[in-house]
Each structure stands twice: as structure tokens, then as C-alpha cells.
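So this first bit is one chain, no partners, the form predicted on its own, shown in C-alpha cells.
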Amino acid sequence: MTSAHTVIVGAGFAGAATAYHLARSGASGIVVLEQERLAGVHSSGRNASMIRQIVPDPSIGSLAQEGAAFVRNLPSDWPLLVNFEQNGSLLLASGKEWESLTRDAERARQIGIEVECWSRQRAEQYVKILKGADFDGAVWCPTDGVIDIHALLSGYLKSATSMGTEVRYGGSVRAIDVEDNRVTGVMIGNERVKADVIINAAGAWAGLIGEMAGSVKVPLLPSRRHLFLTPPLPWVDSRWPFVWDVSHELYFRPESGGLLLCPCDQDEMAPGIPPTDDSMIELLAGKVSRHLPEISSIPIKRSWAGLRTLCADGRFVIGWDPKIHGFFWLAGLGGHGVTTSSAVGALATRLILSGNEKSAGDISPKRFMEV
């Protein structure tokens, strides 16, 4: 049997960023367990790579602001070059959704995020293919952009290992050891690792890890989402921001000379690499035809799908489990994992090192404790 003080289950963005911040805060005896042979095989490596700060939930917005500031100004000792294309974001909406989006923009402005509300005409002038699109107005955030997710994830892990963290690949967690309602270790493969703290950053598998520990039941929903890539298109401007129509649940951004598009589908799925559904290209085509008529005939080169793990109430799940001592939740980040990664890792570090649960607020897993 080997020993560690803290075991982090999962080397995706949540687990890697937490390992980084724990190590940077002087913590030792950290082991990260990753079931795959490399990090980023699942959600952390199969997303659209976008840094988005304007969101409806204020608690997520604050974490997004902090996380975006981190990636725009990485520490001087960061071990890898991380390309961040700060082309901004343009969020579109119409009707009641436009009213809600302007409120979201105002909340973002109040906490210091640079944001502007644009007329339809100004948005069409900035991104020409929005001519004839179905929206009333747009919100512009110039500090958003697109990041190299693989370099960012690798940077967290390389930095953590340089400070003494051990990362183990290629072994699935088989059991969480619990005695007298306190974690004592984890079984990975045929090896038992003794631990005082276990951090559940297992993404789509976080619910299963919680069940192994006998924790409070958290309603996590791994949900499939498709991405579609066109071949290079001569009229695409690589300087365009990512454009997200929040009313009709559709987004696109420049990628490799063409466009990366998403119809924002959401189907609950078992953990793993989800199969693609051919009918989703019809969903995308229908949305583009109705709401982005200027590009209604674009070709699709390839597609893939990934999982976004959401909590049923839409909020993150971060904090100490109310039933099992030493068991810490870091789950339900949905589509915000890249943007909020550093902020989530820093928050988790503060809660773990201080033992303070109150500062987790309404994202604490305590909210699922039966009265």
C-alpha cells in the first residue's frame, strides 16, 4: 500500500487546475489518478476551446471572470506556450432572451468584465455573415476568445508535477475506502492508495465515484453535444469572434480556415466517448437555414461529440461532502470547465486547505442533503 495526503480522481481541467493550485500553495503528498493513458481524452479535450465570461448565473460569472484573467496573463513560469486568440465574443438574442442577455451583460459589467451592447446593424457590420440573421441585438465582450486547450491542460499538469505532484495514468478507480464515515483511501487497479482527502474531479464519472464513497447523491447529468467543422472557406475571417445565438442555441467560430459550428444539442448519455448521431447534422442545418441564412449551404467536413456534465439545478458542485469526511466534490462544470478552470482550482484549494465549507455558498454539495 502506498500513501498520499490528497488523491485527485481525474486529470481533466478541474482536477489538473486543483493539483496546480494546491501544489503552488505549498501542499505536498498530492497524487492525481487518470483512468486514460493521457489527459484530455474526454470532455477536457473534446470541446470548442472557447473562453466565455458572460453567463446567466452570477456565481459562474465571477469564476469565469477570474479564470479568463488567469489565461490571458499566465504566470511567468508557465511551462508551455499557450496560444490565446483574444478575438472576443458576440452573443446574439431576440425577444425575452435579449432582455435577459442585457441583464447578464450589466451584471458582468458591474463585476469588471468589459462588455458592450450592440445594435443589430453594428453586429452585422462586424461579422458580415450575420446579415439576415434572426436576432434583435448583440453583446460584445472583447476579452473572450479561443484557447489552446491541450497546452493549457498540459501546463497545469506539468507545473503541478514540477512541484512534486504525482500523476498516474491508465488505471480506473475500483473502490473508495471509507471507515467511520471518513475516507481512508482509494483502490486503483490492484493497488490501494491510502489518503486523507479524496477530490472527486472525475467529470462524467463523478456520480459513480460519489456512489463508491457512499456520499450524498448529486444529480449529475453527462450530456452529449456535437461539433461540426467545415473545410476551409474563402470568405471566413480568422479575426471574427465566436458568435453565440443564445435564443436559438447555435454557435460558430473560425477554425482552420473554415467554421466550427454547434447546434447546442443536449442528450443525456452514459460516461465515455459518445457516438455521433447523424441526425444532428439535420438539426444544425435546420438552425443555420432559419437563423443564419447567409451560410445556409455550407459544407461539413467532419464531426465529433463530447460530454458536458451538468448538475440538475445548473450550478457547479464544489465543496466537502456532508456525509463522508475527507471527500471533496469538484463536478458539474458543464460547458464552463475551460474558462473557470483556474478559478475553480483556486477555490477548491482554499476550501481544502482551510477546511472552510461556508465559502462554497450555493454551489456546495450540502444543498443535496436530505432534511
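Predicted, not measured: the structure shown is a model, and the values here were computed from it. Note that residue numbering begins at 1 and tracks the sequence as displayed.
Keep in mind that the form predicted together with a small molecule is not shown, yet the notes after this line are about it.
Interface residue among A201, A160, L92, L152 relative to the small molecule in the predicted complex, by the heavy atom within 4.5 Å criterion: A201. A single residue from the set L130, V173, I113, V288 has any heavy atom within 4.5 angstroms of the small molecule in the predicted complex; that residue is V173. Taking the partner from the other structure, the small molecule in the predicted complex has no heavy atom within 4.5 Å of any heavy atom of A348. Within 4.5 Å of some heavy atom of the small molecule in the predicted complex lies at least one heavy atom of R46. The small molecule is not drawn, but in the predicted complex it has no heavy atom within 4.5 Å of I363. When contacts are judged by a 4.5 Å heavy atom cut-off, V317 does not count as touching the small molecule in the predicted complex. Of the candidate stretches 222-230, 70-78, 291-299, 278-286, only 222-230 has residues whose heavy atoms lie within 4.5 Å of the small molecule in the predicted complex.
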